[in-house]
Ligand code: UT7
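Presented as structure tokens, the chain that follows is alone, the form predicted alone.
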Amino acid sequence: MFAPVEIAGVASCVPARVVTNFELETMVDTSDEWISKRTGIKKRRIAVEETAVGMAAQAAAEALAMSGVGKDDIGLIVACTISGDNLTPAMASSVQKALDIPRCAAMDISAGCTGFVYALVTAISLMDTLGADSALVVASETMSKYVDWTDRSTCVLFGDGAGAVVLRRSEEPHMHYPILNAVPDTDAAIVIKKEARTTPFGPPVDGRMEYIRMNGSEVFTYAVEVMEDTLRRLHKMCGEKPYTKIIPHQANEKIIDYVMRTMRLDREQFFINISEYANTSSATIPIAMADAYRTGWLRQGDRVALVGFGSGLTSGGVVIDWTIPNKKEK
């Protein structure tokens, strides 16, 4: 079980460029009605001048400012991305450099759209192992760079953005019941291949761009199964103090709607902002957390379940007791 830790700061950063469904109508054979009805997406943010590291660093800086934790006190940075700017250094190291954090452990995690949950659980566990009093967890994605903008089945689904949280040791535990899981993606339901490279000793390559490939029906089936299973397991582990609110991975609103119906949950229990940002992969949950806090949906004293699912095929969840006061409560 986790050592006593709380979330002390949360923030997000999204690109300035907004691309609506109506704009996509001029690019591919689709419509606002078709996209909205099947996904719940109305618009997305697309990185033009922004970078994954730049957005990650801004979100991290704002989360630190909210938390009151000094950069010199950060003992660990765990970042997650599947669309980062570099193969190396890690995005965590680049964020460390951008924020001038002098010395800490820094590493990246790749677990598809479940990446933030994996990174959060890893950071909390390592805080205890390393004796760190504070940690930074950040997710940042530029999925638009890996979307085939001539493929109407995938280009409407994704957007760019970043989110970050600051973890701080607390007197009482506020993070509970970590669940991390994966099953083999035997049918290659979600894949982004790396561009082919060669050496002087190998055959030539064509150098074509590689884009995300996804089997929508298989992803939907997997997502609803693991989301419901994770939420039921978390509910059972919570015992007499169940979670009352849920922030899910924002992949498709129809996935969330399906789970609501099968579990007989109220829509008011879910925070959903996919209409504004589309699927930002590992960044959807921290972006949603930042929005939920900013709008007052997430309030001090709430017990909230985070649940994610993604390529691999991965899934995971965790329960958080929210301790950050809302502005008028401070």
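The first residue of the shown sequence is 1; numbering continues from there. Everything quoted here is computed from the prediction, not taken from an experiment.
One more form of this protein, predicted in complex with oxa(dethia)-CoA, exists but is not displayed; see below.
- Out of the listed residues 235, 152, 176, 169, 152 is the one that sits within 4.5 Å of oxa(dethia)-CoA in the model of the complex by at least one heavy atom.
- Just one of 259, 111, 190, 106 comes within 4.5 Å of oxa(dethia)-CoA in the model of the complex, counting any heavy atom, and that one is 190.
- With the partner left out here, oxa(dethia)-CoA still marks one of 89-97, 212-220, 126-134, 191-199 in the model of the complex; by a 4.5 Å heavy atom cut-off that stretch is 212-220.
- Proximity of residue 268 to oxa(dethia)-CoA in the model of the complex: non-hydrogen atoms within 4.5 Å are absent; the residue sits far from the partner.
- Among heavy atoms of residue 30, some come within 4.5 Å of oxa(dethia)-CoA in the model of the complex.
- Interface residue remark: residue 230 is not counted as part of the site for oxa(dethia)-CoA in the model of the complex, having no heavy atom within 4.5 Å.
- Taking the partner from elsewhere, residue 58 is found to have every heavy atom lying beyond 4.5 Å of oxa(dethia)-CoA in the model of the complex.
- Contact here is defined as any heavy atom lying within 4.5 Å of oxa(dethia)-CoA in the model of the complex, and by that definition each of 34, 156 and 309 is a contact residue.
- Contacts with oxa(dethia)-CoA in the model of the complex, taken as any heavy atom within 4.5 Å, map within 244-264 to 249, 251, 252, 255.
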